[in-house]
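In the form predicted alone, a lone chain appears below as structure tokens.
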Amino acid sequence: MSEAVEGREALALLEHARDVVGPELRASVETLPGPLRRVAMYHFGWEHADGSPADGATGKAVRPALVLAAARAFGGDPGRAVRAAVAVELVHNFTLLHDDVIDDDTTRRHRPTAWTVFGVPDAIIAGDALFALALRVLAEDRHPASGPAIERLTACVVELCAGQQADCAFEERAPHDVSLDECLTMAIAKTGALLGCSCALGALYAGATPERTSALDAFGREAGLAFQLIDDLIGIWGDPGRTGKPAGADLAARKKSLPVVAALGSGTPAGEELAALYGAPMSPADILRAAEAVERAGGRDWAQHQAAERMGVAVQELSRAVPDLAAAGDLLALAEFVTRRTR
């Protein structure tokens, strides 16, 4: 099957997930108290800052689509897993609200981030409310898998927080003081954990065995790491017109992303040049030099190669979880799509 066909399949799955999960997601958010609801509705793109209706982008819905696809892969009814899909999307957006504050990001989805509009306290508290709402959505679900789903989701959030803390701690350390292994571990926790959890929740709601559920979690984690590697590349070389963020935003923040850490540890003159640039705030010209240094030091090629390798491992885990890969076609299409994206 061609990449174009796979891409169309994945886009159709994402659109279906938005259609199915979107109304339940919005209904859940609308139960929040007024001030919190206003921040959340703005963040999701459903309202403008003044509370008037908006028709903005609400995100790709990758994680909800994985929940539904995992349920289908095990012969379950995806309709019964919609609450689980809502829960993972709420958790994802809880992390986005917090990440934007932590990273000092001023733009998301082509408009100002919530904290720049409503202030840091309201953005953080709204994020906390989305996490609590995710747990309530599962707690109120009468499906027998809701209890195990809450256990997995809460464990996942603890891991997410550990990954975020590590990411922040890296910024305080000298350029050469962060190892690639540390960075990979952080990325799995920060990004792979929730993608893995999304797959596992779909498996739980379809009645999959613990062994197959764990294998599908591993599939999501490996695909999530590939996703993060590509995301890090986009954070350096992405088109602002498509990403909604300034060019080189990660470099400007001197983030120790995976391509950067690989370049810093390359032992090359370009790696040393990058370390020197990372030692002080960078001008726009310095940001361009840093991007060139990452590439010359091999960071870009390493990240692209590593993403492909991780996807290979992901497919192996998927075959353990669902031996009939035809039944797992939707999961594979989604994973391939998000790791081949360029924006």
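From a predicted model like this one, the values you see are computed outputs, not experimental measurements. Note that residue numbering follows the sequence shown and begins at 1.
What follows is about the form predicted together with another copy of the chain, which we do not show.
The partner is not drawn, yet in the predicted bound form one stretch among 252-260, 196-204, 225-233, 99-107 has residues with heavy atoms inside 4.5 Å of another copy of the chain: 99-107. In the predicted bound form, none of the heavy atoms of residue 279 sits within 4.5 Å of a heavy atom of another copy of the chain. When another copy of the chain is considered in the predicted bound form, residue 74 lies well away from it, no heavy atom lying within 4.5 Å. Put simply, residue 177 is far from another copy of the chain in the predicted bound form: not one heavy atom of it is within 4.5 Å. Of the heavy atoms in residue 135, some are within 4.5 Å of another copy of the chain in the predicted bound form. For the options 184, 247, 117, 125, the residue carrying a heavy atom within 4.5 angstroms of another copy of the chain in the predicted bound form is 125. Contact check for 33, 139 and 155: all three have a heavy atom within 4.5 Å of another copy of the chain in the predicted bound form.
Heavy atoms closer than or equal to 4.5 Å to another copy of the chain in the predicted bound form belong, across 69-84, to no residue whatsoever.
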